[in-house]
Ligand SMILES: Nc1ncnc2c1ncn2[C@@H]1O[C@H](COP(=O)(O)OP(=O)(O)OP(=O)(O)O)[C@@H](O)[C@H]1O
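Have a look below at one chain only, the form predicted on its own, in structure tokens format.
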């Protein structure tokens, strides 16, 4: 298995995008039509408890059985999969290197990556892509991507236990870009922050022109708010999760409508983890601006199940001073309204930003591909 083997590959076989979320396993399958990609199947089920840790599938047979259920209940027809790795062991770094060809780059990448990988290069799968000539005109900008081998192989094992064929495993930020931005999108050549608030962690990424020069993962997500509700309101975790989804909202002093006492109590207890998350987002975006001087962030796209938290987009927009919109990656493709009502797609769309991008991988044009290939 090697990184980027199919960076530019395209095929005619059907693929299903599989997102290994810590809270849910999700599958999205598209079909190609003369009008472009059309949504064919979408389904998600709960991830078995304690089966994933920091993105690693720690119990592949158990997750494999859950994947079998996901495929069967979702009527997924494809058996070749595209999935993604994420978490603290996944590194995406833009660096400057002397001019060289692709073969020389492959030989040099290992030594360059050694400088910033948090683990041994012998434990990593690494590859790189030449982006172009650097601003100084004397060197070239290179995108280096690395993931720990155990992380990659744990997904391969789970997929194979499910009777599926892992065709491509890529890095998660690129799937989110593909889900939301195509070369003909007005925002494609702008710096857009894509923030995916998962259950266990939040991925903060900045993309421009199809590439992701900056990505950071912080261990704060929707679970933190759920635990705060459970503790603060003295309810079970399951009840707290239900309350978060059905009653939680971000309140503002500008609101002039009466608010139910329970909603106020929920807001009060989730404020600390929410404030911590916003602080980390601020730090990340400030670091991007410092590292890439002269570059400005134009807007934020918000994904993940927590993105549906009432008023979160408006709250983040106020805190960050940027326009923030909730991602709906399923709506930008074609779909049959009789099978997929618009309200349904809007409700589930944010949580499927990764799976949708994975499902679209072989169907849309893009500047580049970064992947581990099985």
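Keep in mind it's a predicted model, so treat the numbers as computed, not measured. Numbering follows the first chain given and starts at 1.
There is another form of this protein, the form predicted in complex with the named molecule, and it is not shown here; the text below is about that form.
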Would residue 154 sit within 4.5 Å of the named molecule in the model of the complex, counting heavy atoms only?
no
Residue 22 versus the named molecule, in the model of the complex: is there a non-hydrogen atom within 4.5 Å? yes
key: Heavy atom of residue 241 within 4.5 Å of the named molecule in the model of the complex   = yes
Given that the named molecule is not shown alongside this chain, does residue 304 nevertheless sit within 4.5 Å of it in the model of the complex, heavy atom to heavy atom?
yes
None of 283, 99, 245, 291 but one has a heavy atom within 4.5 Å of the named molecule in the model of the complex; the exception is 245
Interface check vs the named molecule in the model of the complex: of 327, 63, 309, 42, the one with a heavy atom inside 4.5 Å is 309
Of 87 to 95, 120 to 128, 258 to 266, 191 to 199, the segment with heavy atoms within 4.5 Å of the named molecule in the model of the complex is residues 191 to 199
